[in-house]
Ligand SMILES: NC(=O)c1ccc[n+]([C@@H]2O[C@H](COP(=O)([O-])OP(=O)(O)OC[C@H]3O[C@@H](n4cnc5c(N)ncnc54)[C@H](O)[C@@H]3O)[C@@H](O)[C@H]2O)c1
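Only one chain is given next, in structure tokens, and it is the form predicted on its own.
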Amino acid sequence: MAKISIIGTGFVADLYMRSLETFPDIKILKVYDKDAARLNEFSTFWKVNAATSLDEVLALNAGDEVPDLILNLTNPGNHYEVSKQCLEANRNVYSEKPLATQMDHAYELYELAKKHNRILTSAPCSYMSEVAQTIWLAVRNKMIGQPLLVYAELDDDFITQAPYKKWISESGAPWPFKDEFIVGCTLEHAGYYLTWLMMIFGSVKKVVAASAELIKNKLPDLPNSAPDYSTATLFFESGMVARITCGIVAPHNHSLRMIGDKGVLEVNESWNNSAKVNIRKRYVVRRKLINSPFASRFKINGLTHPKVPRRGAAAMNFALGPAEVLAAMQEGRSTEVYTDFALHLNEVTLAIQNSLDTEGVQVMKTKCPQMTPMPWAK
């Protein structure tokens, strides 16, 4: 039985709890939040043990049961400090995205994890999902020939006009709109597609990006928040080129198109673990080049991973990442790949986010390790 503890009981923590129900071999030891009222509400709803202090959840007191992994589900501004405390206490850490909002902090955490021989990794884990693994299998099987170009969209509609103050999690936590606007849609969302592309195509060599804050005064007490629109062209060491767009202005669009020399792969919804992966072949009919109007679905045969019902905007199992890390630990597999993967993801994401203040080409300093498919997707 693998053991975890959770720090942070806000909106996203409920999504993790519902997802963790699909992994009965994972035991939750303690949960903690500095907001005592929220902690009580959360622990009562989910019937889990609330810790009275950070030391208790880190199992620093004599007789405390030590967790195999700590889930850092605090707000993004606290990710660095909380993960640092966990690593210094000799605990393995799985952090919500981003790993850190500053790259020097991410490097510091990385070095700290190496020093203490601890695991440090981060969300999102949707690259382990059925839809992402199906795409990778289609690429390996040359279903569209040689992939050349990707268009990935992560637009969420005009969020500032949505009734977001009425969005409440299962246990009663409000959607953290202040954090969302301060941190921005790029840091919050780009990783969903970046992880897929990094898994399939490896390291990003350079990033050419632009971002802007189009909707002013989202928060009355903050004249400026993070960019609410960004677009980036990613140049991979493998030769693949991808364009990714994030925003909370344009109408909802979470689609991905991968263009190969023999056809096009399409996915309509990145936030659905069971989204269809369609293939359109390309033909020459008489004197015309035609992309087939009829798409064929490409599927993985057999069981993949536990699914969760749709909750709000997503149908994603948030526990796939923690479960895979725990499985690797129990099976004696190397976990360094997850730490290196998280560091590269953080650098690429920040390169896109910070393009508001950075001009020109940004060359990446980190590398993406070679990933392996999930066992059921080989």
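Computed from a predicted model, the values in this text were never measured in an experiment. All residue numbers refer to positions in the sequence shown, first residue = 1.
The same protein also has a form predicted in complex with the named molecule, omitted here; what follows describes it.
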query: Exercise: E96 in contact with the named molecule in the predicted complex, heavy atom 4.5 Å; finding: yes
query: Non-hydrogen atom contact E180 with the named molecule in the predicted complex at 4.5 angstroms; finding: yes
query: Distance check, M17 to the named molecule in the predicted complex, heavy atom within 4.5 Å; finding: no
query: Contact label in the predicted complex: T231 to the named molecule, heavy atom within 4.5 Å; finding: no
query: Whether G8, R38 and N78 all lie within 4.5 angstroms of the named molecule in the predicted complex by heavy atom; finding: yes
query: Partner-proximal stretch of 125 to 133, 243 to 251, 67 to 75, 289 to 297 relative to the named molecule in the predicted complex, 4.5 angstroms, heavy atom; finding: 67 to 75
query: Selected contact from K34, R310, K27, R333, since only one has a non-hydrogen atom within 4.5 angstroms of the named molecule in the predicted complex; finding: K34
query: Within 4.5 Å of the named molecule in the predicted complex: residues from 170 to 203 (heavy atom criterion); finding: P174, W175, P176, E180, E188, Y192
